[in-house]
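This document opens with one chain alone, in structure tokens, the form predicted alone.
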Amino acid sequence: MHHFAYRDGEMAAEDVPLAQVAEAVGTPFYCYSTATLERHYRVFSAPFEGLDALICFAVKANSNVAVIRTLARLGAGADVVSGGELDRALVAGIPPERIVFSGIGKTAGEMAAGIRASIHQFNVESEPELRLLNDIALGLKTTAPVTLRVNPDVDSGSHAKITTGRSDNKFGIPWSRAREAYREAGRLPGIEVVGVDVHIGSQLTDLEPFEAAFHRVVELIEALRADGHAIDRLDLGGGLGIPYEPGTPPPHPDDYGAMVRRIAGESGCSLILEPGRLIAGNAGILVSRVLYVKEGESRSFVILDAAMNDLLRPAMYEAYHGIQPVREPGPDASTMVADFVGPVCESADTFARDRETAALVPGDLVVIHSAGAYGAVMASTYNSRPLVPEVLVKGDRFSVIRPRIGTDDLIDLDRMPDWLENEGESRAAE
């Protein structure tokens, strides 16, 4: 469920007409609903009430500090994968003891920052990373709390670019070396082994891969305890999918929670869950304006002012996003079948193909749904297109939580080398 709906013939975000926001900030822009963010967090966390469970929002899904603070006020922690995300989580008000640091390529500087902040734990993904973290911790005269991310060799069934739990993926320590890696961790004086971590992928629409992976990890915990390790935490990662398109919906968080309770509820571990897309995905939209409607040789094109640099998912993952006009079509409105495309000079700059829609004309506003996760965070300035604004709505109010980054701002980041500074004067002298 989300809070974007037609009211009096026009799409609104909660109680704010989207046309009003477009008039104020221009297009394209991202818009997030506070009510949806809060609802999704509560729906996900409810099945774990009564358990010792920490819900850490995956900041990589949406790193705007206003979004993170909205969730922090509900008690959310943060799952971060870079020093920049760590900084954002802290600025947003996430207590450091509710932050976990994931990712396969942590630098020495990032490790030191996490240790100095006294974060909850590091999810370590390789033996070389473990050794470097040990050295950094010893240099700071402390120990680092660690879970090792194990790769259970379970196929999540999701898109090949977002599956992370197979043996041929880059993530985690191979299952065959897990106990050996824990033995090494136990010998390192700068490492405090606190638990086990697993994450098998993103946008999973079936509970079976979760169940297979979680069973394996619970069995590993028993073996590790038999080896003498104090395993008190179980980080189950994230990955539960959202309904991008009509059809069979993904499992409900209640069903996911019941499965986790059944498999891990008696493990003797505190649990860590890392939802990202599930909370933010359908809490955000991208609003764009129609530039042209072009009739091609064999198909029609609706050319938008948003592009693949603003929302990369369709180009990168062949992802489906629902698209609707901001003005509600009447019951007798004419329709058309068209490709929705952007102005970037790439054929991949396509949001939808052969999509049936109400007839559109230049100037019309459209909403691209389910854009709250992996939308703005993956945006770029390709074709020197400015980064678009992000807006947060709460009831009948809205606020720009990231302004548009203009072309002048981009150019100001460039620097001219001294041999080009006076090039015009040099040529004149010749």
Ligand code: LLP
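Predicted model, so just to flag it, every value in this text is computed and none were measured. From 1 onward, residues are counted along the sequence shown.
This next part talks about the form predicted together with the named molecule, which is not shown.
The partner is not drawn, yet in the predicted bound form one stretch among 218 to 226, 323 to 331, 295 to 303, 267 to 275 has residues with heavy atoms inside 4.5 Å of the named molecule: 267 to 275.
When you look in the predicted bound form, the only residue of N309, T147, N134, S202 with a non-hydrogen atom within 4.5 Å of the named molecule is S202. Put simply, of R98, R179, R355, R313 only one has a heavy atom within 4.5 Å of the named molecule in the predicted bound form, and it is R313. Taken together, the three residues F4, R289 and G372 lack any non-hydrogen atom within 4.5 angstroms of the named molecule in the predicted bound form. Contact annotation for I401: none of its heavy atoms lies within 4.5 Å of the named molecule in the predicted bound form.
Mapping the unseen interface onto this chain, V366 falls outside it, with no heavy atom inside 4.5 Å of the named molecule in the predicted bound form. Residue contact check for H40: none of its heavy atoms lie within 4.5 Å of the named molecule in the predicted bound form.
Y317 belongs to the set of residues with a heavy atom inside 4.5 Å of the named molecule in the predicted bound form. Heavy atoms closer than or equal to 4.5 Å to the named molecule in the predicted bound form belong, across 40 to 71, to the residues A58, K60, ordered by sequence position.
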